[in-house]
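First, one chain by itself in structure tokens, the form predicted on its own.
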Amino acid sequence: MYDSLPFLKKILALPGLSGYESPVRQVIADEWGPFVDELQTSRLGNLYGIRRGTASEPRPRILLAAHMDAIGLMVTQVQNGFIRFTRIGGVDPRILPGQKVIVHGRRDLPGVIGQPSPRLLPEFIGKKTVPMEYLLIDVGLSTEETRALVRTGDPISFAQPPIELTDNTLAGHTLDNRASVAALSVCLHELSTIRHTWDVWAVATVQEEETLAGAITSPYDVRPDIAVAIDVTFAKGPGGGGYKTVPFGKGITLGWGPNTHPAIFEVFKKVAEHLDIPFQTEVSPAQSGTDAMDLQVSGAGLPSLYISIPIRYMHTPVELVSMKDIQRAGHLLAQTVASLEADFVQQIRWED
């Protein structure tokens, strides 16, 4: 069985912020290479891993998309040797003080995010969360050295290394969404050992955290018949309950809402039930917040679905995932792809 843990730990240790995905893209390509027939990179930076099916050409195509970009920070100013910054993606200022980071300047610089003493901050802040504009990054260099190495616009990534916890769980930054990239690797490895009729395009998309640009453009490159976005969702934990969260480590979710085509949902649901893969329906009455939002409305419309892996502490440097759910997601993807008949597209009907 393919063990995705070493690969996942490797890509979690790499930068690859939204719009700056190059460092992680090559490592994903190296991992996918043995499992696919061809690798391509789009003009925008999406990575395509292509496995050809066994049906006669023109074969139907399925696009499986997991975004590889990460949230992080960007330099706005070098001031008295310290670095001021803003966010890339959904970064919560509450988690920033004390974090280790890497400033990707003319060379990589390790740094820490510092918070001034309360007596040095404006009185209106009091005991509230310190706004981002009052935080700073210290790389331990003089003003002149920092100015020589750091420019406005340089990206900044989190430097917390991944940590293996008990019960086959892993904590680290950027599990949103490199956990799903790992699940795609599980899928591609499994597909390399079984027969499948359809062409499979695994896509590590760019810029999901900011623009959804990878999802907007990839269908024009691939011209798929159906699409599936693989992402993460909110697991139950401290302060998280109700229908907006799902149990941790107890299975994946199949999204149900306006970004889901009922026929695609039904085929994945049947395969999961047949194989006893634990899952539950994730209700999203509005937009799903995943690549499926733009995959679905590409061109004349694309029958789509989104599958999610539950994680805790999303958009923090200590996101937590169960490796079992990564394996389950990859297994379900591979087995559902293998179950698709060549004429499945002709059978698709919208029945809500």
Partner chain sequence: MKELIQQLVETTGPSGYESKVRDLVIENISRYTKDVKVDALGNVIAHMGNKKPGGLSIMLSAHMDEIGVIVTHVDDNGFLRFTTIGGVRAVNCIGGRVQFLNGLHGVIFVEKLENANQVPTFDQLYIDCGFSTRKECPLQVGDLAIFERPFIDMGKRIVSKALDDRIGVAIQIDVMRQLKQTPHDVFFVFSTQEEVGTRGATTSAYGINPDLGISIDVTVTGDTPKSARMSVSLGKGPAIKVRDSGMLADPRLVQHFIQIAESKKIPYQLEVLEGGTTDARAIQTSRAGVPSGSISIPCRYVHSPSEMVDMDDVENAVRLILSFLSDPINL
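The term rigid core refers to the most C-alpha atoms you can superpose between the two forms while keeping them within 1.5 Å. Computed from a predicted model, the values in this text were never measured in an experiment. Positions refer to the first chain, counted from 1.
Although it is not shown, the form predicted in complex with its partner chain is what the next lines describe.
Candidate site formed by Glu133, Thr152 and Gln207: every one of these residues places a non-hydrogen atom within 4.5 angstroms of its partner chain in the model of the complex.
Checked against its partner chain in the model of the complex, the candidates Gln160, Thr217, Thr169, Thr197 yield a single residue with a heavy atom inside 4.5 Å, and that residue is Thr217. Site annotation in the model of the complex: the residue of Val91, Ile102, Val271, Met74 reaching within 4.5 Å of its partner chain with a heavy atom is Met74. The stretch among 186-194, 272-280, 108-116, 81-89 whose residues place heavy atoms within 4.5 Å of its partner chain in the model of the complex is 81-89. Taking the partner from elsewhere, Pro15 is found to have every heavy atom lying beyond 4.5 Å of its partner chain in the model of the complex. At a distance threshold of 4.5 angstroms between non-hydrogen atoms, Leu44 is in contact with its partner chain in the model of the complex. By the criterion of a heavy atom within 4.5 Å, Glu164 is excluded from the residues contacting its partner chain in the model of the complex. Within 4.5 Å of any heavy atom of its partner chain in the model of the complex lies no heavy atom of Thr129. Of all the residues from 9-28, those having a non-hydrogen atom no more than 4.5 Å from its partner chain in the model of the complex are Ser18, Gly19, Tyr20. After superposing the rigid core, the Cα of Ile194 is displaced by less than 2 Å between the shown form and the other one.
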